[in-house]
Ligand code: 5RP
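Only one chain is given next, in structure tokens, and it is the form predicted alone.
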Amino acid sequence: MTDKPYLQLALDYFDLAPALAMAQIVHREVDIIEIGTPLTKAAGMLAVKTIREMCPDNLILADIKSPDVGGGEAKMAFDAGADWMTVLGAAPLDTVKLALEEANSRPGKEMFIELTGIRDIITRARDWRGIGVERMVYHRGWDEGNLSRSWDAQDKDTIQELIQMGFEISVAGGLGLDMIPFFEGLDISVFIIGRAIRETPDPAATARKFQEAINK
């Protein structure tokens, strides 16, 4: 892990053109650019390839949330230029293994477990850790954030337990500037920010404010 957490911009768009425009505006102010799940479905690996070419100095995450064919989907993402990709936590352990094997066969590539919808996180995490998974996205889902769920102390306790198990944790889901101090004391690896950067009058300036908040 770096001296401070990374800042990741989530490009959760349903069309490629606005995603490219936002990446162009913000890429110098963030560490990682995420091709969000809606965009990977709308534009496929073209989105990964194009943003890789536009932003050669950023890490690129393809948030595929692969549910099956883990090795093949990991290969597809990495071939398109992604550094990181995600596998859905509900996927069979064999799918996780195959995606992890593909990542491990390529220098600098990594696979993340994406926890959206997973209830028995710690139980499942023991299995993932047992096969060598090191990274995880702790995610309050888009619909949850809009309808029913906010961050609370139980989230912090679970994140701390996962860190103690040896995972590097990315956090995502409705995070604004006011939420960054909530994670103080936790060794967070990546803060994933979407609308709180994208939907502001000056996204680049907002990204810089997030970097400042993370640095504190």
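Heads up: residue numbers just count along the shown sequence, starting at 1. What you are looking at is a predicted structure, and each value in this text was computed from that prediction instead of being measured.
Only in words, not in the display: the form predicted in complex with the named molecule, which the text now covers.
A single residue from the set Ile180, Ala172, Met45, Ile188 has any heavy atom within 4.5 angstroms of the named molecule in the predicted bound form; that residue is Ala172. The stretch from 157 to 165, 25 to 33, 47 to 55, 62 to 70 that comes within 4.5 Å of the named molecule in the predicted bound form, counting heavy atoms only, is 62 to 70. For the chain shown alone, Arg195 is a contact residue for the named molecule in the predicted bound form, at least one non-hydrogen atom being within 4.5 angstroms.
The named molecule in the predicted bound form comes within 4.5 Å of no heavy atom belonging to Lys75.
Using a 4.5 Å cut-off on any heavy atom, the one residue of 96 to 122 that reaches the named molecule in the predicted bound form is Glu114.
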